[in-house]
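The form predicted alone is given below as one chain in C-alpha cells.
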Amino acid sequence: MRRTYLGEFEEVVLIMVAILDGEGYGVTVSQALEEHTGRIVTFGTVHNTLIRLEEKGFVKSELGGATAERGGRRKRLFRVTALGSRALQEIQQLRHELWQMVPPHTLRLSGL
C-alpha cells in the first residue's frame, strides 16, 4: 500500500478540519490551531494549506451561507474527504508503531 506523506503543518491543519467537522474555514482553523497547540499562525498560511490539501484531495470545500458579520460574503467551509480520513488513519498508525519502538529509557530525563 502506498503511504501518504504530509508535512507536519498539513497534518495538524487536516486534523483541525476533522475536529471542526464541516464547520472549519480559514479563521476557525487558525483559531483552533492557536487554542489547542499554542502555535501562532497567520490566516494566509492556513488558507494556503487548506487549498493545497484540497488540491491533493484530502479535503473538499463548499460555500456556506452569507452572513452580515462578513459583509454578506460567504465562508468556504472545509470537510475531510475519504482520502483525507484514510491519510489521518495511516499517519496515526505509523506514529503509534514508531512510538512503540522507542526504548523507554530513551525518554527518561537524566538527573531526576
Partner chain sequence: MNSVSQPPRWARRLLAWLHPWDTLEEVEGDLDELYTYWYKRSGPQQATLRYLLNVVSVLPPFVRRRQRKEEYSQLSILKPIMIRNYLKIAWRNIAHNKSFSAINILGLALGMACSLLIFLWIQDEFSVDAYHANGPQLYNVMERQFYDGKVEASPGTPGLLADELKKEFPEIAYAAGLSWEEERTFSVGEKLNKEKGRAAGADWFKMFSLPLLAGSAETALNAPANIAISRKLATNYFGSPQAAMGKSIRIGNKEDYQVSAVFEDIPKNGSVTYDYLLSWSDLLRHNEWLKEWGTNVPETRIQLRVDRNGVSADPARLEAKMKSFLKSRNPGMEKRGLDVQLFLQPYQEAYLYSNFKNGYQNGGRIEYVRLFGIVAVFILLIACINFMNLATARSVKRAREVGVRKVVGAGRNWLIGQFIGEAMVLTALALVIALGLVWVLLPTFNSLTEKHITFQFATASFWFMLLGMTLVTGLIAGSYPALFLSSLNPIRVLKGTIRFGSGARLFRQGLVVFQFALSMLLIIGTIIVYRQIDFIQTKNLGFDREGMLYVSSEGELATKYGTFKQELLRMPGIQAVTKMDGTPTNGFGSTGNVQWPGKDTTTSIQFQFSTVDYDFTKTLKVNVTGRDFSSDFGADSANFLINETAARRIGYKDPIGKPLTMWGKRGTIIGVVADYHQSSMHTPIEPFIAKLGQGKIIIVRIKPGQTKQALASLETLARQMNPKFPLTYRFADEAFQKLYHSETVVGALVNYFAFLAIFISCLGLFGLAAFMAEQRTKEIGVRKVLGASVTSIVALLSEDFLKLVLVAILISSPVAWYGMSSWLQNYAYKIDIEWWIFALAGLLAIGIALLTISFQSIKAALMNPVRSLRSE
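Everything numeric in this text was worked out from a predicted model, so none of it was measured. Residue numbers count along the first chain shown, from 1.
One more form of this protein should be noted, the form predicted in complex with its partner chain, which is absent from this view; the next part is about it.
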Site test, Phe58, Arg79 and Glu90 vs its partner chain in the model of the complex, non-hydrogen atom cutoff 4.5 Å: no
For Gly26, is any heavy atom within 4.5 Å of its partner chain in the model of the complex, or not? yes
Using 4.5 Å between non-hydrogen atoms, is Thr42 touching its partner chain in the model of the complex? yes
Is Asn48 near its partner chain? Define near as a heavy atom within 4.5 Å, in the model of the complex. yes
I'd like to check something about His36: if you look in the model of the complex, is any of its heavy atoms closer than or equal to 4.5 Å to a heavy atom of its partner chain? no
